[in-house]
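Quick setup: one chain, the form predicted alone, written in structure tokens, and binding and motion questions come after.
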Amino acid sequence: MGAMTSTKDRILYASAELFRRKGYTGTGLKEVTTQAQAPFGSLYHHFPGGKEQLGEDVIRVSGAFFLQLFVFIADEAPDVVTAVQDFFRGAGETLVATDYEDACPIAVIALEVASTNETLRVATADVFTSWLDEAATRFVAAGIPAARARELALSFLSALEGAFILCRALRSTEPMAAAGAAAASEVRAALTTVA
């Protein structure tokens, strides 16, 4: 059983990497199994629904991973403004470290399939909703009213995802730095209004 789980994890990880770099439609299943060093038949063993099931699982597993990353960063920060700054800074550092290939796999898939594949659209929406809920919860815990916290969460996530796109196209972290500064400033202003 351990080997099967290991093979499944390798397939999920390889798929996430390939989807992030090449997109969902640009990634072939043979390419996935080759990168995962897994027999082709194992893909259908673990993902009987084929590429769509694989895509949905990658979205949900990756989404949960990035949610936990945000939770870790937020828990380590002394306050919510610092958490926002640290998250954007970390995103910029990751882009540089991966030569601008390691952007958000959820956004890549959402842009590609939101109008054509309802299963994958729903999966991306569920992930984004979990991220928005966590950010809003953090903002409320810092003393920001719920309606304003939701707006801040939407602004935060929109700025982050937009910055990923611009950073990749420009091959510069300047958009991520600007988006992070704006998001932190917006949160700081919301806290000042409450105080």
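The numbering used is simple: start at 1 and walk along the sequence shown. Just so we're clear, the structure is a prediction, and the values are computed from it rather than from any experiment.
There is another form of the same protein, the form predicted in complex with the DNA; it is not shown, and what comes next is about it.
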In the model of the complex, segment of 133 to 141, 164 to 172, 148 to 156, 36 to 44 with a heavy atom within 4.5 Å of the DNA: 36 to 44
Residue contact check: Val61 to the DNA in the model of the complex, 4.5 Å heavy atom: no
4.5 Å heavy atom contact, Leu67 to the DNA in the model of the complex: no
In the model of the complex, residues of 78 to 112 near the DNA [heavy atom within 4.5 Å]: none
